[in-house]
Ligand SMILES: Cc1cc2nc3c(=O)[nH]c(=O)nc-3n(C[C@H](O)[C@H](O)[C@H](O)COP(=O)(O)O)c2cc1C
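As a starting point, one isolated chain is supplied in structure tokens, in the form predicted alone.
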């Protein structure tokens, strides 16, 4: 099996992060993976806003949590037992799980494939992160983090074009020391149809 396949099979969502910031060289490689992702029509419309300011990330993560209303987990329906999500644990107040680096992916509001362009860029970046020993987690509905006056102020400070919206956030950081790496779930066998 080649290294790419090994990385694909190894990658897991990480929701518990060490406080140590990722190295700049690793961040640059992860961003390059995002820049080289496919985009509809080759438009390259995704903007990657990287924030490593702990105070801003914590505040936006709390705003996002307050504006999110996931159906809460039950005994049989949950996101993760190993690393609970905000849907699994109502005591989690930061939707960014205290990750040291948050990349918000912005895309044009009126382009048909904005969400898809962000998703493939995020996948490229998650695979690059895993190959570098960095944990990641994709968080959808990115606009919730900016749904109050502070969030709007941040959008202006970051000079995000008004015709773009926050599609999602990608959380990056080293997995918390001592935590067991999440186990992969076995693949369902009825998902490939051949004719």
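The term rigid core refers to the maximal set of C-alpha atoms that superpose within 1.5 Å between the two forms. Worth saying up front: this structure is predicted, and the values here are computed from it rather than measured. Numbering follows the first chain given and starts at 1.
The next section is about a form of this same protein that is not shown, the form predicted together with the ligand.
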(message) Please pick out the stretch from 152 to 160, 135 to 143, 22 to 30, 39 to 47 that is in contact with the ligand in the predicted bound form, where contact means heavy atoms within 4.5 Å.
(response) 135 to 143
(message) Can you tell me whether residue 176 touches the ligand? I mean in the predicted bound form, with a 4.5 angstroms heavy atom cut-off.
(response) no
(message) Residue-level contact is defined here as any heavy atom of the residue lying within 4.5 Å of the ligand in the predicted bound form; does residue 97 satisfy this criterion?
(response) yes
(request) Decide whether residue 16 counts as a contact residue for the ligand in the predicted bound form under a heavy atom distance cut-off of 4.5 Å. (result) no
(message) With a cut-off of 4.5 Å between heavy atoms, is residue 85 one of the residues that contacts the ligand in the predicted bound form?
(response) yes
(request) Using a superposition on the rigid core, decide whether the Cα position of residue 185 changes by 2 angstroms or more between the shown form and the other one. (result) yes
